[in-house]
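Below you'll find only one chain, the form predicted on its own, shown as structure tokens.
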């Protein structure tokens, strides 16, 4: 494990002050524990530090970056990954990306950006690299006992007691694998998109890509260029938006419509007209007609898929019915014979180190959190970055953590105000932060409109003002 003594070394906390199940507990006093040193964990650390809190961050890998560090074994990033949100909506508000960078930076640039962010705000001395969190348990006084161990296989487990915990372990690392009849008997190769790293894995193979999310479309585009044949299987029709509209990144045009306060129906009308003139009717390529209006599912941002559909390099096919020993049967009866099947079927949120009841996790694995961040009756616990926005994530999680850090500070300075704010948050546990009626699927559990969400964060920050508080 790597740390700088005097900053993030929990072992400098002195002798054990309590015991739990026969193990010593080392009290870290008012320090906050952050789990994960990806983008969400880094901005959590930075904002907690700015509010005067000590911070210990545990990162199971050996460097920062989380999902954006494709050297990490849990990273879903592949060689051709670029941001699908443009630079202004992808950068932290207080740390802009370089002006010389493209509208849609590559994954290596995003990692470089996060490393510079960590250095600029002096975060690395507070991080225990190569250390994973095994268990998070409630302790007396709304504090938390955090059990950790080295991922290098040396040393035993240790328990430290913290004033608060931020869970920032990401939600795109635990693959969601659908069940198909006959899959276990299929003799071809089957991988999840999490295992896809480079287009060389597709070269000269007959490839079936299952899933129409942004990752599935990216892999289909790679297969169009490298594979001997590419089929792309989708369950339903989706809206495919180009990365550029009217000469600007598409998310900037969408944000302009939101800034002008156009009602949802007006925005849908304009978006449909724009897509009709730029993308056209995709059913003529064999794609299914969407059974919903735009913004009612997470739109697919991809300018290349339509190009390869039009050139016959990608063959759209319906959902899979079942697998056979040497073939795949599609709904409708068509049978194809791929060498490689890529399951681009998304990810489950996973919090295996904490009792799911503390996060309100239901039978389907969905946590019930106010603003997708704050659990009921747990004012010193937060989940950072559990969002599926219509823009970039980094600015949103920044303001999430500004709010949480301020909530913790208000708990000390004005306890009655903190309780009132917590109760108000809990009254909105089931609120959805989007105006459109989105499809009921796991893919849309955390769907939000960035403007609606940011307005809610601003209201929360206003309520947390200490002016006149007692």
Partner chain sequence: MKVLRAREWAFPIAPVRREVRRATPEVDEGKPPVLFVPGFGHGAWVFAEHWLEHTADRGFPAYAVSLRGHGDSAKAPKATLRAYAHDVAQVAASLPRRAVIVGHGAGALVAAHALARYPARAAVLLSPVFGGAGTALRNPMLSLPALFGGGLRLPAGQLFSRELPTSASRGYAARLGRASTRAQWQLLRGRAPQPPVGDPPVLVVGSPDDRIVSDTALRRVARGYGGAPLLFPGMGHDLMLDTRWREPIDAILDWLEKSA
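Positions refer to the first chain, counted from 1. All of these numbers come straight from a predicted model, not from anything done at the bench.
Omitted from view is the form predicted together with the partner chain, to which the following refers.
K.L.:
Can you check 116-124, 134-142, 298-306, 233-241 and let me know which stretch has heavy atoms within 4.5 Å of the partner chain in the predicted complex?
P.N.:
Result of the contact check: 116-124.
K.L.:
Find the only residue in 112, 329, 94, 339 having a heavy atom within 4.5 Å of the partner chain in the predicted complex.
P.N.:
It is 94 that has a heavy atom within 4.5 Å of the partner.
K.L.:
Note which of 347, 285, 399, 129 lies within 4.5 Å of the partner chain in the predicted complex, where distance is taken over heavy atoms; exactly one does.
P.N.:
Answer to the contact question: 399.
K.L.:
Would residue 99 sit within 4.5 Å of the partner chain in the predicted complex, counting heavy atoms only?
P.N.:
Yes, residue 99 sits close enough to the partner chain in the predicted complex that at least one of its heavy atoms falls within 4.5 Å.
K.L.:
Under a 4.5 Å heavy atom criterion, is residue 154 part of the interface with the partner chain in the predicted complex?
P.N.:
Although the partner chain is absent here, residue 154 would stay clear of it in the predicted complex, with no heavy atoms inside 4.5 Å.
K.L.:
Consider residue 406 of the chain shown here, and say whether it contacts the partner chain in the predicted complex, taking contact as heavy atoms within 4.5 Å.
P.N.:
Residue 406 belongs to the contact set for the partner chain.
K.L.:
So, residue 259 and the partner chain: in the predicted complex, are they within 4.5 Å at any heavy atom pair?
P.N.:
Yes, residue 259 sits close enough to the partner chain in the predicted complex that at least one of its heavy atoms falls within 4.5 Å.
K.L.:
For the stretch 248-266, which residues lie within 4.5 Å of the partner chain in the predicted complex by non-hydrogen atom distance?
P.N.:
The stretch 248-266, when checked against the partner chain in the predicted complex, contributes 248, 252, 255, 256, 259 at the 4.5 Å heavy-atom cut-off.
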